[in-house]
Structures are given as structure tokens and as C-alpha cells.
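We give C-alpha cells for two forms of one protein chain below, kept apart as structure 1 and structure 2.
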Structure 1
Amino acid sequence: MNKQISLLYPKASCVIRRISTPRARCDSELQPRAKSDPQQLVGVVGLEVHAQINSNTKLFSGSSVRFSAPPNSLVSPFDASLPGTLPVLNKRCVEAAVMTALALNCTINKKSLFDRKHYFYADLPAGYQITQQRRPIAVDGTLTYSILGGKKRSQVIRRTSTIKQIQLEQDSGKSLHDDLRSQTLIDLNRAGVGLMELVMEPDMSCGEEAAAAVRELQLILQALGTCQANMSEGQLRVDANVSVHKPGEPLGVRTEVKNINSVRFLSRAIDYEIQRHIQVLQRGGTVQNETRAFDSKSGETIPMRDKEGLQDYRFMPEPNLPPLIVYEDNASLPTGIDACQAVVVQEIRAGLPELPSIKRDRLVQTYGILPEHSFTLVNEDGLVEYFEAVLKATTKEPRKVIGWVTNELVGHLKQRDMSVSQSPISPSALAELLERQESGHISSSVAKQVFQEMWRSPGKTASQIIQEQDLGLVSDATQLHSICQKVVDSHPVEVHAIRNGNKKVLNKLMGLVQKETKGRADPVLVRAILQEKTS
């Protein structure tokens, strides 16, 4: 059942904010930014991100929110815009917007206003969307994101994008076009679902920066629990505003690429659009102010319609909703207001979890791992917890454990399109395997062989597999002396090279010994024996 929020009716005042647009530079190399060629056209990118609020019910009605439910099965009279129905604001949606705003360092407007944005489309029964155009719930935030740059892409480059505003609004329904029968079907299940629209200033310069910013935002929303941010299910949709200009000159005419539902497609769409603008201008043409769509198959954007202006939407105050009031702390609650029905910023701030950027820094500082490894850990849901659980159960150094987690484990998961929670090898099972290797019972090559068998046979421990397949390290000196002598006798050319000073050839002989023992020979003992026999 929808929670209702207590709303007050103080005298409303219209607030108009002027936003200064920063100059942006193209930076496709992802190196620390340098001065651009004043004659070179560079890209300017701003984003509008629509994040579906993680709530059981819709923004203004008690209808359930559920992906892939039967068409038109989650539609209340208000969602269908039947006469006489009125909106009732969902408290959970307001709390989610405030929490998101706090995580993005926004200023929370203690009083925000709702507006009607008019446009006619079949999947919008009322003929207007309830949004927050005049005074949104939060303004003036920042999103700090990181990209890996440098020659080896191991240098962490931090960037900051400005959040102009965060506003609450309704989602529309879905139009399902049936070209075969030349008809359009309408599904109103999504109509009225709560959205947070995050409007970002045009301070990015290329597709890779925009993709990194959206990926960081996605991780933040998932950490907060305010949005599941599954782009394939439409829970996070991005509109990209793209233009080009010469540094120091006014921004060019922009186009908007709508409803991009993949981080990878976002990067491709923006880079394509920047190059399209540049080519149009270099041919002496004019860039049209229009809305475009990205065709992922061709990798191109295609025109949809002319870009609407503010006047086209005929914004007006929403008459059925009073100003939305949030409170800084319990002490600021007016007399007579039920604290359970009010949104209190201080309480929400106290419940903020560890954010992705802080988590990455902590992992690097605590465990001494490389920054790029911290990105891998944080980007995979549940992988940080898995890594730390392994560390607690083994004496192996974090820098050695990280390779097993990011290479072996993640590699197997990605091959099979599985999540960390679906891994057949638990953290304790992996820790046991690493302990066997660390204690010298098995070699590194055998450890990888055991890992493969553990993956194929869930429930079997490393110790069981090692015992069943007799994979323990061969440390019997007499046996190794015999094998090494056989290798030395059958490779006189290599032995001659070693005796002439080419010590690297010794590694080849060690590899041959390991081949004879199926990777089970003690490498330290083998090296000592071979050095003795080739000296």
C-alpha cells in the first residue's frame, strides 16, 4: 500500500535558476587534459538520466511495479487517467530522491513544486506528465567518476560532472508497434512509475567519458538501493545532448539522442554523433536541432523528430499537488506533523552506505592492490564481499588473491554469463585451495587445474580433488634427480647453452621436467637439481 507523505501549503514562490555552461574539450585519448587546438572542433556532451525508483508501488498511485507483468495488469484508475482520480504521493519515492541527491552532493530544496508537462501521445493517457520543472527536489550536485588512462590504461584519471538538478516525475506507458498488422498496442503497466531525472551539465567531451559517468552513477544507485539500474529492463535510460564547437567559442547547435539503454551503446552513439556534427560543419552544412535515435545494428543515429522547446510543453503548476516539504531534522518538524509521515534529511543521511569511489580507495589503501583491480571488484556485484571473505580465510597475500578472483573466478563467470552469487566455488573453498598452494602442497599450475575441477564438481573440496587425482607436489629428491637427469641427457644443445652463460635456457628444462611430472614437481627443488647438473 502506498505510503502517503504529509504536505504543507505554504505560499509558493517561483524560482528561476540561471545555469552557466562550462567550456568542454574533446579528450578521446583520456590523458590528463591539456589545451585544445583553438581551430579544432571538439565534442560537448550533457546527459539526462532517467532512473526508475526502486519502489513497490508507483509515484502517485497504489499500483504495483513489476517488470514483464501481463500487459495492462498493473493499472489503477489514476494511471488510466479516469475522471475524478487524484494523485497521492509515494513517500518511498521522495526518500529515494533525497538519498540519491545526498550521495551526489546536491543541495536539497526543502520545498519543491510539481508541474504539468503537456504533450499528446497514446501511452500518456492524461495528456500531460507530472514532473518538477520550476523547483526540483535537488540542485547543484556533482558526480565524480574515474577512467583508466595512460599508455597501459593503469593511470586513474578522476573527472567531475555537475548535476544541474534531480527531479521526481512519472514514467509513461509503452507503445508496442506491430508493423505486420499496421497497428500500435498500448501497455500502461509502466505509466505512473516513479522516476528520478538527473540532468547533467554539458561538461563531458566524448562517449567514453559519458559511459564512465553513467557506469559510476549506476553503481551509486545500486549501492543506495534507490534504483536497480538494470538498463536492459529499462530501469536506467539515458538521453545524450551532443554538440561541437571550437574551444573559446559559443556551444554549437545540439541534438538529443533519446532512450539509450546500454553503457556501450551510449559511448558509441555519442562518438558517432560528434563525428557526424563535425562532418556536417566541415562540408559547410548546418546541424539541425533535432531528436535522434541510436541504431545499435548500424552504429548510427537516425532522425526522429524536431526538438521541442519549453513553450511546446505548456508547463503549468500541478493543481492537485501542494508543495512538497522535506525537513532537515526532527527538531524542525512543525507541531502536529506525524514524524512517521515526514521525510527527514538527517535520518536519510545517517543511512547512507559506503559509496563506490570510497570503497575503491579503501580497497587500494587497505590491501595494496592496483587501482584497476579495485574497479573490477567494485563493478561486479558481490565481488568485493567475495574477495574479502577469501582474505579472511587464507594467509595468502591480497596481491596474490586478487589475481585468482579477478582472472580465474571472474573469467569463468563471464564465460557462462553468471553472477558472483551463482559461483559454484564459495570463498571458503577458494581459500582452502590457495592455502594448499601457499603451504607448498601443490604447484600454481596444479592449483589452476584443481580450480577447474572444483568448478565442474561443486561440493568437492580442493583437498579431495588433490587426493583423488594424486596431484600433490612431488618432492622426492631421488625421483626428481632421475627425471632431471633424463631431461638433461636428452637436451645437450640446451645444456651447452646454459654452460656458456645463457641461464634463461634453464627455464625450458624446468618446463620439460614439469611436463614429465604433469606440473607436480617442486619448482624450487627442480631448479636446484638442474643447476647442479648443468654447472
Structure 2
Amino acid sequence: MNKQISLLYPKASCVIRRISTPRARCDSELQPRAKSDPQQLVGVVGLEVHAQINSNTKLFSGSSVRFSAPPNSLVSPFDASLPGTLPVLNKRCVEAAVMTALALNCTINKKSLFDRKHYFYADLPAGYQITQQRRPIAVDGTLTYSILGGKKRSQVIRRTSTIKQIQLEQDSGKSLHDDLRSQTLIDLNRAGVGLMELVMEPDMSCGEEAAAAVRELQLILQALGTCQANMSEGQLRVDANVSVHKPGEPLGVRTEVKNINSVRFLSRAIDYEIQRHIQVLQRGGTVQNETRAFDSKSGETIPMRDKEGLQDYRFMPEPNLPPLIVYEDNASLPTGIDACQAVVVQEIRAGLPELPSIKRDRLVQTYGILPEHSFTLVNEDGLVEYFEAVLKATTKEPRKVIGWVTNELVGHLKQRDMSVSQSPISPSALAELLERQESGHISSSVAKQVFQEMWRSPGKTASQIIQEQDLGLVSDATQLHSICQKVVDSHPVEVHAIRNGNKKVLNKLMGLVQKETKGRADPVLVRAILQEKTS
């Protein structure tokens, strides 16, 4: 991305080099550098997340919620905003919002109100969206996420972002633009589906933090079951509000970035937008308050045609809906109320499943693994189960197994963009391989080789491959002695150096021995023999 910028703005390229990249700025180690440069503009990022509630029916009508269905087949008269229809609130959506709010440490508003947000667009048949602007269902929460920082990006740094409010609102329909015939095709299947809008305070500073926060949010929502949080399917939509300013000064003009379809693109879009703001200001211009769309192909943000200046939504209370009341516990329920008409916060709190952060701590406690390992375990879908299955089938310590799972397995999966469930190596097969290594049949470098071979030919067990390719450790003393002797004889200079006190040269001789034996020599034995021969 920096190369692109230097091509477009050759004069500015030298300036850019002085400003450290946003990613580096996020790293806690580089803080001292930021203070020394007074021209430093930092990015300010606030996210607006729309999470589609995982429910059977829509927020205010009884029509079905499904991802793909024939166009306009999941539409009720209310969704099409036909006259004479009224909204009826879905209890499951309220419970989902309360559950999410509790998981994010929010304060639940016992009484919340519904409003109308007016704007004209073909996929919003009513001309307004029912939302909760004045008094949402929950306010003041926190989202704790972790980014990998430190020298080797292996240190887990905890960050907290404040959630301003969580509100229930309606989704709009889908519009397909047909530029050929200059028309838009409207599908109202999605119109009226319940959304939880999470408005976050602008307390993040770069794309990496935003991406980590959204990833954590995805894990939380998936664990709760309130949202499937799949960004590519549109179940989780993130808009980023980006601005730059000098630390301590008031916030700069912000722009909104939309049309981001994955966590990776989110990070790139935000970083690009921060850079764009910085460049505009460096050139002496002013940043326009506008909405921009992210183009994943070019990695740039482009202004959106349809937005004309600042929108005035003319918020008005929803006259058809009384206030929404949720009750703290069964004791505070008014007499004579039907149980199925009441949402009780205490009950929902009692039914909360294990959240990702708790799970991570539990894994560290139970297995004695490092926090960054448990981070990776919980981050990948199904990896915890895989890890635990391997542990069951092997006698190896969890700390020794974890490296294989988080480095080897995950590395191979990521390379081929596969999920854990698609892994050609089953937990039991990996366990067998580790057993062979543990028992001394093969060395660790050979084990990695066997792993790759197992990946290429699924179905073959580790033992089979070791036998076929004769990869067993050579522990035969006489054979090793003769090889070592050969190496020692052919390298008198090195032997002389070792005898004079330079012990590090021994490693070179070891390397030569390993080359002779094609890496199958037992390193411990080889070292002992060489030391004996060169003493």
C-alpha cells in the first residue's frame, strides 16, 4: 500500500516515511517515538456494528428469517408496509438483545422506547425504519479484546473499547442494481429482520485494533447464539467512522466507511482511510465529512454517490408501540402478568453460556499453556475440540502438543484456506505421530516431514510413512561412530578449532553428520560421539 501511495504522491512519499505506519503506532513499544515527533497525527476509529439477530421470525412480523429463499417469499403485509398493518415485537429478539448486553457488561434500560428514523430508499418500503434512538435497550458496555504485540507479536495485549449503546432496529430489504436497464430490483425478504446495533465509542486508533475487536465480538455472539456473525453472509455488518487528529487536540472531521465484507478488509480499509486523511491534511486540504465505500479489489475507499451531505432523519417516537419493559427478576413482575409476556433479566443472566474470554482462561489454567496459545485455540472454530482429542490419545504433555496444533496444523490450514473440520489429519493420527516422536523413533525435524507427508496423503498413518521412507532414527552406535569418524577425518580445521576451545564449531560438524544420515541421526548420540572424538 505504501508503494501505491508513493507513486501517486511522489512528493509526499518522504513525508510518509517519517510518520510511522498505524500498525506500528499501535504497538505499545513504539510510544516513545510518537512523543518525539510533534507533527504526529493519530487515527481515531469508532465502529458501528449491525448484528442480525438469530431468530425464527422477524422483529415486528411473523414472517420467516432465512438466508436464501425465492425473492419476496418471506414477506408479510407489514414488511411490505401495506396500509392497515401494525408492528408486534418478537420476544426472542428482546431476549437476544438482553443476552448480548449482559455479555458485554451493559446497563439494561428497564424501560426503552422505539422511534422512527425517516429516509427515502427503495428497499425501505415504509419510508422509515423503526429503531431505538432516544432510549435504547442497553447502554454503557465494554468489549475487551486482545491484540498480539511485542517484539515477536506473540505478547497478548488486552484492550477495552466502550460500547455506547445497544439498540433493536429493523433491517431494510435488498436492492440489486441493474445498471444495464437502469433499474433496481428490490427483494424484501430481509426487510424487517431484527438487528442489534452496537454503537462503539471512538477509542480505537488503527485497523488492527478494530479487526481484533470485531473478531472478539464475533466469537462472543457465536458463543451466545444470538447472531451467527458471518460477515460475508451479511449477518454482521461493520461501518467504521474514521478521523485523525493530533493527540490532545479536538477530534478531526470524520468519514464513514461502508461496504466492508470481512475482518481482514476492515483492517485494510481503516488503515487506508487514516492514511488518506493524513495525506489530505499534509497537503493543506480539509477532509470532507462524507460516506465512502471500500473497494476490496483496489484496497481503496471511494466516495458513495447516493449520500448528499448531512442526512436529517427527522426522528419521531413510534406511535404504534408502547415502551418496552424488561424486568430484573421474578419478584419485580407485576401481578397477573403472563409468564410468556415477560422478559426477566435474571433468568437470562443465569442462562448465559461460557464466553470466549472465560474459556481462554480456563484452557490456560487446565492445560498450563501460554495465553497466546489459548488465544489461537479459541480463535479457530473447532480447534479446542481438536486439541483436547489429541490430548486424550497421547501421553505427551499439553505444552508440547500445543505447538503442533497452533503452529503446524493451523499453519497448513491457513495456507490452503481450510477449516479445522476439513483437516486431512485427524486428532488420533496426529497423536500417533507425536507418540512416535516421544518414544524416540523419530527426531523432531523428521516428525515435521512426516506431518507434511501425512497431509499430502490422508489415510496413511505416521507409522506407515516412517516405515516406507525409512525415516526412523538411526541409533545404531557403530553406524554413527563410522559416520562421525568420517566427518572428523575430513574436517581437520574444524576439529582443531574445537580442541582450541571454540565449541560452537561442533554444531557445524553435527550438521554435516546429519546431512550424511539425511537427518535421521539421533542428535543426542551424535553430539556425544563427536564431543568424544574431538576432545
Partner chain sequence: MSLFSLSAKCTCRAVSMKSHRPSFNLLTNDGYSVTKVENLHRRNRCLQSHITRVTRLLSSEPHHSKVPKVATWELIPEDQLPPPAHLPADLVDQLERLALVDFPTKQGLACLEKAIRFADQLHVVDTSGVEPMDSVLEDRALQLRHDAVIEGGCAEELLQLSKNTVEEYFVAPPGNIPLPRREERATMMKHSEL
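Reference numbering: structure 1, starting with residue 1. For clarity, a rigid core is taken as the largest C-alpha set superposing within 1.5 Å between two forms. Here the structure is a predicted model, which means the values were calculated and not measured.
Only structure 2 of the pair represents the form predicted in complex with the partner chain. H491: CA moves 2 Å or more between the two structures after rigid-core fitting. Annotation: Cα of H412 displaced by at least 2 Å between the two structures, core superposition. The Cα position of T394 differs by 2 Å or more between the two structures after fitting on the rigid core. Comparison between the two structures places the CA of L383 2.4 angstrom away from its other position, after core fitting.
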